[in-house]
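In structure tokens, one chain follows: the form predicted on its own.
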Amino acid sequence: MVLSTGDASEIQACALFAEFVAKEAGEMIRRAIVAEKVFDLKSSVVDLVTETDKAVETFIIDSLKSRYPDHRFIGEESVAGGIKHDLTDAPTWIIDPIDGTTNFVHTFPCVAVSIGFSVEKQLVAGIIFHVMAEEMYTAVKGHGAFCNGLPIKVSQARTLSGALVITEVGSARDPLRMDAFYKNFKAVLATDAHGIRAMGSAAINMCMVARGAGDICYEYGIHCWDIAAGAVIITEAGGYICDPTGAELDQMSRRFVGGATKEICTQLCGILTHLTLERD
């Protein structure tokens, strides 16, 4: 059967199976996080990959492929290994096996399995398992967002004044990126935001916004696998997500803003120094 965005029951079934797979993948991470890690470098000395990243991605893709052999897959480590997959109209799983690899290497507990699902180039489901907290965040387009089966909602923040903002430095430390990061950091603090947080995982950052524990998050330099699941979870929790310019989110553009309301997102977009990055 050819899956379309209108096939709600089939999409929900896909998401339910992905939730099971994410939980199993999380158990692999839980066992490995306390063991000695061996890691390699990818794009820079702070862009890390471990054997566990690779093993968990293989497990997730093999598990999903066994149930859905006609679906396509975009995985962080597959792409890093030279396997390029363009986003098409075909049902596509977008996978980050360990979101927060640097945290994982240092046994810092903010690590997550992130699985997004796209149909006809539209994000329709998201599953994020915050491994050490044992929190399973799930959302299917049009059906709300949940943590461990209980509904979650964004805050009602409409302004950056008094807001808790979440962002990341990222793994690229070139002068252009760092200059923009510092300008944005200062611009946010100048709004009288209550504070800025960075947990080392875009997926967990987005879940914190979705559950109302943070008011808005943004990042430049991420990839589609970092935000695919979280984008669905934020919007289904009642939030708003867009490109940092205020335009519609382009999941392959490697940048995003996601917040409680359109108003707070619009304000943040208006003060950010933007970076245009190589597309996924």
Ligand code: LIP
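Being a predicted model, the structure only gives us computed values, none of them experimental. All residue numbers refer to positions in the sequence shown, first residue = 1.
The protein also exists as the form predicted in complex with the ligand; that form is not presented, and the subsequent description refers to it.
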Practice item. Note which of Cys242, Ile222, Val56, Ile33 lies within 4.5 Å of the ligand in the predicted bound form, where distance is taken over heavy atoms; exactly one does. Key: Ile222
Check your understanding: the ligand isn't shown here, but in the predicted bound form, which of 185-193, 133-141, 146-154, 169-177 has heavy atoms within 4.5 Å of it?
Key -> 169-177
Practice item. Determine whether any heavy atom of Gly100 comes within 4.5 Å of a heavy atom of the ligand in the predicted bound form, and answer yes or no. Key: yes
Review point. Hey, in the predicted bound form, is Gly200 touching the ligand, heavy atoms inside 4.5 Å?
Key: yes
Review point. Asp215: heavy atom within 4.5 Å of the ligand in the predicted bound form?
Key: no
